[in-house]
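Given next, in structure tokens, is a single chain: the form predicted alone.
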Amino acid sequence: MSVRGNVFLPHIHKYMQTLRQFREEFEAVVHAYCAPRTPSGLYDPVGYILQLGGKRIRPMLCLSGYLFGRDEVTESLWRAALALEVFHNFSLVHDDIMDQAPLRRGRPTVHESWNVPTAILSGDVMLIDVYRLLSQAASTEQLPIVLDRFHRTAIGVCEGQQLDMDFEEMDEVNWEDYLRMIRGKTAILLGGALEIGALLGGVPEEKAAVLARVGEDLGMSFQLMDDWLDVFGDPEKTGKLKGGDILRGKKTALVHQAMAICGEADRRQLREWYQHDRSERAEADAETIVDIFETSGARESVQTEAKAYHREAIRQLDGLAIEEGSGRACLEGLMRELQGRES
């Protein structure tokens, strides 16, 4: 499953192309990457997960970071952006297996459409191919630092996922530990995408590191809202089973906030629901948990926390001394999208 030759659209792009245009070009890159390849049992699931859609946040962050140092987009940039999207989707394939999730973006997950062994192996080949794409994206001089930043990011994602699984076996988890988990599981990849793009674009390391922090704060806000949308979002827009996290007993931001601020009777009910040995959770009973999230104030509290991280990302970006350009315009456009998202 290679990306080569004339698969990419023209290498040079005008200074102020819109995010929509960039996304359209990236979709063409993804489509080319997902061309049929044998053995189909290995590669068809790869094409399936990558073409389920999504917001393409990570490749657009990579592009934004790159445009802080360049005013044109090259084939190398698209390879790096593709690498980060492939890595993200690899993590989703394995995450869905661990969560026993039936749906991803409104469609059956890879392990549901095929089987668990196929999903594991297809995820493995995606991860391996990430290194090929990154190696092709970076120059000889850039490659060591780009791979170093990617290694840190990938390890952080794995650490976050392990903490997430550990927390499912614990009766209670404090708020700071929960934030540490989502910083690894979600936020670090958004920061890494922005930083790797910036490094490829020639942005100095110290300024690329600031962009990484901007991306991480965006990721924290994103995950907190993801927890919120699982319960209070429209399933038609989120593409997920409404309240799926509640039914699976996942201790999301809403649970942690509710445990901290609700009354003792509600706290006992939450503890009973989220005991790790509870094997059956009925949808009708889940409404009781939703009521606790609302009456305790957890619903509003999680939104407030998400907005605070978003404001911090803006503050850091405003303090970054990099010449105004298309990178800042693209990043600010992404930040506006994420602030008002419904899915």
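Counting begins at 1, following the sequence as shown. These numbers come from a predicted model, not from an experiment.
There is also a form predicted together with another copy of the chain; it is not shown, and the following applies to it.
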{"query": "Contact label in the predicted complex: residue 125 to another copy of the chain, heavy atom within 4.5 Å", "finding": "yes"}
{"query": "Contact test in the predicted complex: residue 43 vs another copy of the chain, heavy atoms, 4.5 Å", "finding": "yes"}
{"query": "Exercise: residue 268 in contact with another copy of the chain in the predicted complex, heavy atom 4.5 Å", "finding": "no"}
{"query": "Contact test in the predicted complex: residue 131 vs another copy of the chain, heavy atoms, 4.5 Å", "finding": "yes"}
{"query": "Proximity to another copy of the chain in the predicted complex (heavy atom, within 4.5 Å), stretch among 143-151, 192-200, 206-214, 242-250", "finding": "143-151"}
{"query": "4.5 Å heavy atom contact with another copy of the chain in the predicted complex for all of 32, 47 and 92", "finding": "no"}
{"query": "Position in contact with another copy of the chain when the complex is considered in the predicted complex, options 163, 229, 103, 179, heavy atoms within 4.5 Å", "finding": "163"}
